[in-house]
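Presented below, as structure tokens, is a lone chain in the form predicted alone.
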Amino acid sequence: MSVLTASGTSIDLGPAAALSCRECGQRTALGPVFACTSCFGPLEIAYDLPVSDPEGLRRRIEAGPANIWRYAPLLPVPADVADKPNMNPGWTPLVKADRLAAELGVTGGLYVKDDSANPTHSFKDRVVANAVEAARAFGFTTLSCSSTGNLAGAVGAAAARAGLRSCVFIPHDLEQGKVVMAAVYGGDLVAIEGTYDDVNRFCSELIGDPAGEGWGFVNVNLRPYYAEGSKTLAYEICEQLGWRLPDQLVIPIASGSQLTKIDKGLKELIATGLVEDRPYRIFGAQAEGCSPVSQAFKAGHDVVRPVRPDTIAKSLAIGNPADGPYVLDIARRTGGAVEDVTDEQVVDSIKLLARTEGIFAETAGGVTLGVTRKLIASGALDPSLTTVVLNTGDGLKTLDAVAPTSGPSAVIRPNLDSFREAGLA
């Protein structure tokens, strides 16, 4: 469907009809903007969704490609998106984690949505794929972002595939694996002295400067389109469960956008008739060293007070999360919660998931599983219900977190006597 942008040009972003303010509801034409001109609230995509024929929509989705473009009728992308050069992320495994469930005492069915299987090994490929289509529509020639690591790699890879220039900005102290992965795709990688919040502020300044002319910042001026990619996690989980809602989801919180858009995706599935409308609970997970949303939830506050991050979970180290207040609303509305865990619990949970299910999660996955364990122990999460835990990235990116306590079981001489002496026989 073609619509007019704010500049009066015609673009095709599928069912996307307009931008809508999440605070005051004012609508504006599609364009590379992210804040409401009336109240400065965040903008998100408003759709003309297909609601008249759920069975036909379900058949169309199931006949689509094994990636996020099977959900093109529900995303801000053109109908022919699958034919364009893109990273084609998604349709990652939903692992039925029976051995982990036995360890945790979960009887209702425990699943791990393993997004480390995406092209650059994190869920960020989903959001960037949507941003690339918006960048094309608006005529941008450079793809950029502020990043805690995974997004930088996803932008570099997607820009290379799409034939765009990339220039991405990161804090100077990221894990080396993520730095290398962001740099290898040949774009410009700029390390900034400071935290992620410092990096994000710089990018906001660059957008308003002539030096940023023609640049699409995926998580700033393209944020409304970019964020919609997280909905595909909700779509896939429900389809992989046989077109039904999970009872409980545990989701990591960085900016909070992923959690809010998963909730939006679930509501859209209900609205289109693709799943039965019934209650679900959403839980948010943070590291103790960067837990502003968890602190606000526990204190009963509606405002999230910024903190300075100090945690090994660097991909979640956003001290002033933009979607924090909306996360609080969703957790409270659905009967969920927001909890946090220590770095030690993060490492222990990474190892537990690897030992029981053969999934090596990065530190964000350790946070999510650690919080799941804590919620079960406190009684906040019901072990008799179907629960989905998100792993959003690959442990090979955060080796430093587990390297000090992971190594050879023994060092032996190359003979059987030495093998037996080590107690391995």
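Just so it is clear, the model here is predicted, and its values are computed rather than measured. Between two forms, the rigid core is defined as the largest C-alpha subset superposing within 1.5 Å. A residue's number is simply how far along the shown sequence it sits, counting from 1.
Not on display, but discussed next: the form predicted together with a further copy of the same chain.
The contact with a further copy of the same chain in the model of the complex, taken as any heavy atom within 4.5 Å, belongs to 87 out of 245, 296, 87, 274. Of the candidates 270, 307, 179, 82, 179 is the one whose heavy atoms come within 4.5 Å of a further copy of the same chain in the model of the complex; the others do not. For the marked spot (183, 357 and 415), a heavy atom within 4.5 Å of a further copy of the same chain in the model of the complex is present in each of the three residues. In the model of the complex, no heavy atom of residue 376 sits within 4.5 Å of a further copy of the same chain. Although the partner is absent here, residue 24 sits far enough away that none of its heavy atoms falls within 4.5 Å of a further copy of the same chain in the model of the complex. A residue is said to contact a partner when one of its heavy atoms sits within 4.5 Å of a partner heavy atom; residue 116 meets this definition for a further copy of the same chain in the model of the complex.
Among heavy atoms of residue 396, some come within 4.5 Å of a further copy of the same chain in the model of the complex. With a further copy of the same chain left out of view, the stretch that reaches within 4.5 Å of it through heavy atoms in the model of the complex is, among 281 to 289, 248 to 256, 209 to 217, 330 to 338, 209 to 217. Using a 4.5 Å cut-off on any heavy atom, the residues of 181 to 195 that reach a further copy of the same chain in the model of the complex are, in sequence order, 181, 183, 184, 185, 187, 188, 189, 190, 191, 192, 193. Positional change of residue 18 between this form and the one not shown stays under 2 Å at the C-alpha, relative to the superposed core. Core-aligned CA deviation for residue 403 between this form and the one not shown: less than 2 Å.
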